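One chain is shown next in structure tokens, namely the form predicted on its own.
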């Protein structure tokens, strides 16, 4: 990708939001565009980061034989009347309705997936199964804060398990819990499973996946020694002590301390809540009798996860002031950004040759092809875009050399362009089918005595 094709000009950051600096940088640099409170468009780089998150989720769920589907986001409100949730969602203004209230923009999809399943799952032989989708959800949030942290329109992974009995429901729940822990581990996010209130979703038991953070809007009570934790909201339940003991084995509350946290995912054991209230949500059991499905539901906030990764990738100057972003290599869409001295035809030609070779081998990189912009301004812009590594062709590089900088650590090394190309191509090939491999492990930025020009 060439900078000239991305529609990004030189960015001068000012008055950065102290609480959410990375997302404010995205706004100021045109990588996110706000249309209204809680409504955003994604430019190329954050969109690609979002797609990388979605791909990782798909790989994890597909490996556990979950089935991807696509449910409509425009739904008839008659489905919500069946479940008995319509009034609750419309009375508090959460649900957005159109056409005189006959249709709604889906805030979640339990009703829609039951309608899907009752036309597909007819027998106990069809169970258990887990459906999932990745798509947009709509909630008329009154408290739009933290940019992508809480929006009116937001991408979400939502999954739904169907089983013939409670035992198989619990098995599906544990499959999804393990998948969540693996997903967040691969995203570099150390989440804590937290006992939670089921809220408007309903059901018997649920757990949130919380990331400890001072920017979080949730408060959890957490025991660092045992790992036990629960959302403070549970204390509002009249029977909270019994609930925590029976469902989560939490007995000694004195050892749990309050911590701020960000909710990134939530899983629920729904039981027969929806299959008993909605029409024909049954299957034929082994005794040829109709029986309601045992359901679970599971969600991950894609945009909130993306925002969290960005906020944890902030670069600061010596005074602690935010100055840019350094995305981790495992999620960054572009590993390297090539920058040349624009007033040097030789450096420009070398940069273009290296870019051409890497592009031919499907290595995703950025070339800053703006010859009228100084190399210093290009470096600042690269750090605003979040590229993990910079390839510099300037006064310090001889013919055939390139200076590689790790944007997070500031470490720099001179290497031959040919050797860099070989290492990047090797990384790109080895990463196929092996998402755990890291650029840092593959590329060893050691000085190379070759002074060969990549052609």
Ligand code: ATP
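Numbering follows the first chain given and starts at 1. These numbers come from a predicted model, not from an experiment.
Below, we turn to the form predicted in complex with this ligand, even though it does not appear here.
Novice: Work out which of 300, 109, 295, 336 lies within 4.5 Å of this ligand in the predicted complex, going by heavy atoms.
Specialist: It is 300.
Novice: Could you work out which of 370, 304, 259, 273 is the residue within 4.5 angstroms of this ligand in the predicted complex, going by heavy atoms?
Specialist: Of the candidates 370, 304, 259, 273, 304 is the one lying within 4.5 Å of this ligand in the predicted complex.
Novice: With the partner left out of view, is residue 173 within 4.5 angstroms of this ligand in the predicted complex by any non-hydrogen atom?
Specialist: Close contact is absent here: in the predicted complex, residue 173 is far from this ligand, nothing within 4.5 Å, heavy atoms only.
Novice: In the predicted complex, does residue 311 come within 4.5 Å of this ligand, counting heavy atoms only?
Specialist: Residue 311: no contact with this ligand in the predicted complex.
Novice: Given that this ligand is not shown alongside this chain, does residue 148 nevertheless sit within 4.5 Å of it in the predicted complex, heavy atom to heavy atom?
Specialist: Result yes; residue 148 sits at the interface with this ligand in the predicted complex.
Novice: Answer yes if any heavy atom of residue 131 is within 4.5 Å of a heavy atom of this ligand in the predicted complex; otherwise answer no.
Specialist: Because no heavy atom of residue 131 falls inside 4.5 Å of this ligand in the predicted complex, the answer is no.
Novice: For the chain shown here without its partner, which stretch in 362-370, 74-82, 241-249, 151-159 has non-hydrogen atoms within 4.5 angstroms of this ligand in the predicted complex?
Specialist: The contacting stretch is 151-159.
Novice: Within 4.5 Å of this ligand in the predicted complex, which residues of 117-141 have a heavy atom? Give them in sequence order, or say none.
Specialist: 139, 141, in sequence order.
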